[in-house]
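Only one chain is included here, represented as structure tokens and corresponding to the form predicted on its own.
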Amino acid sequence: MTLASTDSQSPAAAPALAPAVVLTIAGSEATGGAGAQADLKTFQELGVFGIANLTCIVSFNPNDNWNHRFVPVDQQVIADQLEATTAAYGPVLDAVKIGMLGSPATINTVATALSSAGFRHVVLDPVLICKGQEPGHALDTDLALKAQILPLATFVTPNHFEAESLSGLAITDVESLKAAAIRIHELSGAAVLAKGGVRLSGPDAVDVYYDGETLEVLSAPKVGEVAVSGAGCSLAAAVTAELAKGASPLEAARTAKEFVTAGIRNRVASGAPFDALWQGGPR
């Protein structure tokens, strides 16, 4: 009988390739459909090592039209999380996704950390409004996000409402979505994936990618006419994962679109008035 070789050059003994390491700075969403929970599931499905630093705790209120109940994490706690993460993984951590920040104070804390960390890829999912927030607080948060976080972003993934807010343009069709993507790139210098989703009429969910050179329309047949919880979070997280693995921004956008479309097609129903994307949908 011949024993299998244990030589260090054999395939069995070869060390496994370490996964890319990625961070999400986002809120916890109690139902698991969005926020940091969605990001971590997306990271795992796409083969990267995911870390979550929490900025707030969000839970829907079924007794108040499913508005958000929003509790910010203490600023020192946010700073401590970012300090620990960058100290532990700084040399290999070059991709970060920014989700729900929720307050000017948190935006300032995160912007300070981003400025000193030197991340190669900063993917901003510009969550401008937290449903149920006081209008004045929401406006202050929006202005702070545009002033402090948007200039640091290398890739931005606004939804229909956010694209209108960032660009200052009304978006009613694919052509105006293209114009908004171009305007947001001009303002930020970042690659942009502006999402029309189900908001635009027609049989397809249409998004527009623009990076200053390439303008591409990404479309897929709509799966229903209602937005699905976690779609935006998962899209930005998928872009982050793909960039960390070495994909170009356009390649990352295409993969993320396919990933989210499959997750919507295989979405999870609940007792809430919305379904949740399932990150395992592509399987």
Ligand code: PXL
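Note that residue numbering follows the sequence shown and begins at 1. What you see is a predicted model; the values in this text were computed from it and never measured.
Not pictured, yet referred to below: the form predicted together with the ligand.
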Just one stretch in 250-258, 219-227, 29-37, 44-52 has heavy atoms within 4.5 Å of the ligand in the predicted complex, so which one is it?
-> 29-37
Candidate spot V192, Y209 and A237, all three touching the ligand in the predicted complex (heavy atom, 4.5 Å) | no
Partner-free chain; cross-checking the ligand in the predicted complex, the single residue of V110, V127, A205, L166 with a heavy atom within 4.5 Å is V127
Have a look at M100, V96, I184, L177 for me and say which one sits with a heavy atom within 4.5 Å of the ligand in the predicted complex.
-> M100
Any non-hydrogen atom of V58 within 4.5 angstroms of the ligand in the predicted complex | yes
The ligand contact in the predicted complex: C233, any heavy atom under 4.5 Å = yes
